[in-house]
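Shown next as structure tokens: one chain only, the form predicted on its own.
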Amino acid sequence: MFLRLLISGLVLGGIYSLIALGYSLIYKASGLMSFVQGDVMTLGAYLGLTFYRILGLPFVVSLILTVLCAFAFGMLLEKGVIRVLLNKNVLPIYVVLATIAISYIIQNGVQLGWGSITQYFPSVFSKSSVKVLSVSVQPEALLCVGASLVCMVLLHFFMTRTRFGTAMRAAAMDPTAAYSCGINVSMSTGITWGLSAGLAAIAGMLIGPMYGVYALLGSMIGSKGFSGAVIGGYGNMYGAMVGGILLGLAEVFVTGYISSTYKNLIAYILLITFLFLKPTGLFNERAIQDD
């Protein structure tokens, strides 16, 4: 039972980490909080469903197309909504409210486009289960864990080992200084929003074969991803990874050993606990205003 719960926890934790990474990237790039990540995940799941099941494209091709569409959506969101509001010198809370409004637009939009019933997402592999030690697990679960880890590692190398990633971090740390050094801060911020949307879309594609696809798929997962980001240290990329995985493990083990009644409660208990006892999270990340 322990091994089965461990694998399930890593699957959920990987999804939460991808969502939490998106929150942290956006906050680091612009100092803003966005609450649209979960519903972008839903949009990604529906796009993947369209490419993979309806159009019959290979899964890898469907994944790439879904990520590209989500990336374009993220950039369009930043340039067409967020940037326009910021140029009007509105309070940051209005930007947060705008992202909440967009999340509801996505929820209703996918229902208009794909219907309100749960859609079946075809299996990626021909086998229905594989053996991990003595436990039979869905191969899509292993794909989810592996792909989540790969995404985290690739993002780490992109942000720390490439010139463009370094420029993005510089633009996030001090936009004025970065601009004076010739860095296109506006483009950097837009790409960060695009990357965040792409990560959410990957999460949607990974979780679709296991849970199906429906309009509110990302609503709960988005809020739990936010909790994972806070637990790790809001705005810290590595904290988002660790916080998301710990949250997934905690949720699954509480469900397995105590009761499924507390499945959705554990994330918010941990969120409140960290806000009271350690608001800077596990990685001691301080808010931009505190720097």
Partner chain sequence: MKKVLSLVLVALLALATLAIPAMAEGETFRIGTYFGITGGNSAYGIECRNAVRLAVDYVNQNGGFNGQKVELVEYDTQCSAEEAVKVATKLITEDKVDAAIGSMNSGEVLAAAPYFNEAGIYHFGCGTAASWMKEDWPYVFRAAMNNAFAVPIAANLMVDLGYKTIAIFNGQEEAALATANIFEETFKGMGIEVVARESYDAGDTDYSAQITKMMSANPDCILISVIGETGGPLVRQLRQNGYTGIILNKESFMDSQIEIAGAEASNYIAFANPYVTYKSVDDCDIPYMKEFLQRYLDAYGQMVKTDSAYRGWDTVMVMWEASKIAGSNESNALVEATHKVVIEGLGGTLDYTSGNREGYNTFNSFILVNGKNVLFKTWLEEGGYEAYLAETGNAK
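Residue numbers count along the first chain shown, from 1. Please read all numbers here as calculations on a predicted model, not as lab measurements.
There is another form of the same protein, the form predicted in complex with its partner chain; it is not shown, and what comes next is about it.
Figure note: of the listed segments 214-222, 147-155, 164-172, 90-98, the one touching its partner chain in the predicted bound form, with heavy atoms no more than 4.5 Å away, is 214-222. Taking the partner from elsewhere, no residue among 24, 50 and 160 has a non-hydrogen atom within 4.5 angstroms of its partner chain in the predicted bound form. Interface residue remark: residue 104 is not counted as part of the site for its partner chain in the predicted bound form, having no heavy atom within 4.5 Å. Although the partner is absent here, residue 86 is not a contact residue: none of its heavy atoms lies within 4.5 angstroms of its partner chain in the predicted bound form.
The closest heavy atom approach of residue 187 to its partner chain in the predicted bound form falls outside 4.5 Å. In the predicted bound form, at least one heavy atom of residue 120 sits within 4.5 Å of its partner chain. This chain appears without its partner; in the predicted bound form, the one residue of 183, 210, 143, 82 with a heavy atom within 4.5 Å of its partner chain is 210. Along 6-29, these residues reach a heavy atom to within 4.5 Å of its partner chain in the predicted bound form: 8, 12.
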